[in-house]
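This document starts with one chain, in the form predicted on its own, laid out as structure tokens.
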Amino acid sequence: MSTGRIVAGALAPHPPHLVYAENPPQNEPRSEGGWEVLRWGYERLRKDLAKTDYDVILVHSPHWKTRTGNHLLAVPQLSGLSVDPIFPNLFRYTFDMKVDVELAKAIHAEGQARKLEMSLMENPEFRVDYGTIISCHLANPAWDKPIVAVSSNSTYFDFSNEMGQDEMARLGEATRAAIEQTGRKALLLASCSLSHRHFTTESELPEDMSKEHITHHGQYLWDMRVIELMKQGRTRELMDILPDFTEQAISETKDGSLAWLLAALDYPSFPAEVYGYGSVIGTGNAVVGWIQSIGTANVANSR
């Protein structure tokens, strides 16, 4: 009998500013800090994940965009230089990662069984996108676990938020089934912001926190509504309003990462842990975790 399961999932936003602010050796630009609330939130997430037994990280990124279907990394080892096309002054990162090809192929098969268009990315020279790298780095800077990266397709943009969300729900189900079948203990990362209206100009000093704030109050109110549903364990209700939130908050959830995560987690009813919320260049970002061992313990203690 398979013992595979998803042990934890996290909303893990990927502003390159957070890696830039921490000055890891892999990233060429140097900073004076900044965005501490979010970075400390990631620190708290990492402390909880350190108490959790997992052997692979799966990440769904808005910045690996594919026109047709859902693609998965399927090369055992990938390395190179990833440069953020919008912020090359902040993120020029030398990556070196292992990929769980067996799990990627299992997700590919499970997706096809659910009538999804699936592809394996088998180009050994492929440059991994910065969304995948940043979320993986911030969740696990040791890079001592293999990953599986999942692309974001164009269904939301070509058809509707509702149709895109339905497809991501099926992809989440396929992901969960493949994890169970292969016996993996998996951490899942939804690499996206919440509200996503950017500033149109950059400060002379990017890490000058006196310039940082949410773009407008309406975005903040939407973000707080979504976060409150997470805190209350009302993830099915969150899925119901997600298309409207995506439209009204111009949210990065339009690429499907959060819907994929919630479906893969089978819509957890225990309260999520909100590790941090903050703004980066006007966007709203939350570091949020659903860790099964913590959630189960909290539910038991509340009885």
Partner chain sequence: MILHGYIVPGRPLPLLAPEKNPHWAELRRGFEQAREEIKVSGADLILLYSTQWVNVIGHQIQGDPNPEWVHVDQDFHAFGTMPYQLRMDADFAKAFEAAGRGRGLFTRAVSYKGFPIDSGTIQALQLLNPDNALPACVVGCNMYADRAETIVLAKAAVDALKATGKKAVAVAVTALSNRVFPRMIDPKDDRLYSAKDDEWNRKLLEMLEDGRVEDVSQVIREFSQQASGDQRGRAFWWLSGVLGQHNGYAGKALAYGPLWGSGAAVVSLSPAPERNLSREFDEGEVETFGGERGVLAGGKTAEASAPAAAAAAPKPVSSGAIHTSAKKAPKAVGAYPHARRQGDFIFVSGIGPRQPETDEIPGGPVRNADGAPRDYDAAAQTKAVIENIKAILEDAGSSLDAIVDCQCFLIDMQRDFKAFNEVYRQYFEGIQATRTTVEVRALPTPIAVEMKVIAKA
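Please read these numbers as outputs of a predicted model, since none were measured by experiment. Residue numbers count along the first chain shown, from 1.
The same protein has a further form, the form predicted in complex with the partner chain, not shown here; the description that follows concerns it.
- The partner chain is not drawn, but in the predicted complex it has no heavy atom within 4.5 Å of S210.
- Interface residue remark: T215 is counted as part of the site for the partner chain in the predicted complex, having a heavy atom within 4.5 Å.
- Contact annotation for K51: none of its heavy atoms lies within 4.5 Å of the partner chain in the predicted complex.
- V274 falls outside the set of residues with a heavy atom inside 4.5 Å of the partner chain in the predicted complex.
- Between 75 to 83, 226 to 234, 138 to 146, 99 to 107, the stretch whose residues reach within 4.5 angstroms of the partner chain in the predicted complex through a non-hydrogen atom is 75 to 83.
- Distance criterion of 4.5 Å from any heavy atom to the partner chain in the predicted complex singles out I281 from the list I281, I291, A21, A286.
- Distance criterion of 4.5 Å from any heavy atom to the partner chain in the predicted complex singles out W64 from the list F245, W64, Y42, W35.
- Relative to the partner chain in the predicted complex, residues R92, E117 and Y156 are all within 4.5 Å by at least one heavy atom.
- With a change of no less than 3 Å, the CA-CA distance between Q219 and Y156 is larger in the predicted complex than in the form shown.
- Relative to this form, H217 and Y156 separate from one another in the predicted complex, with their C-alpha atoms ending up at least 3 Å farther apart.
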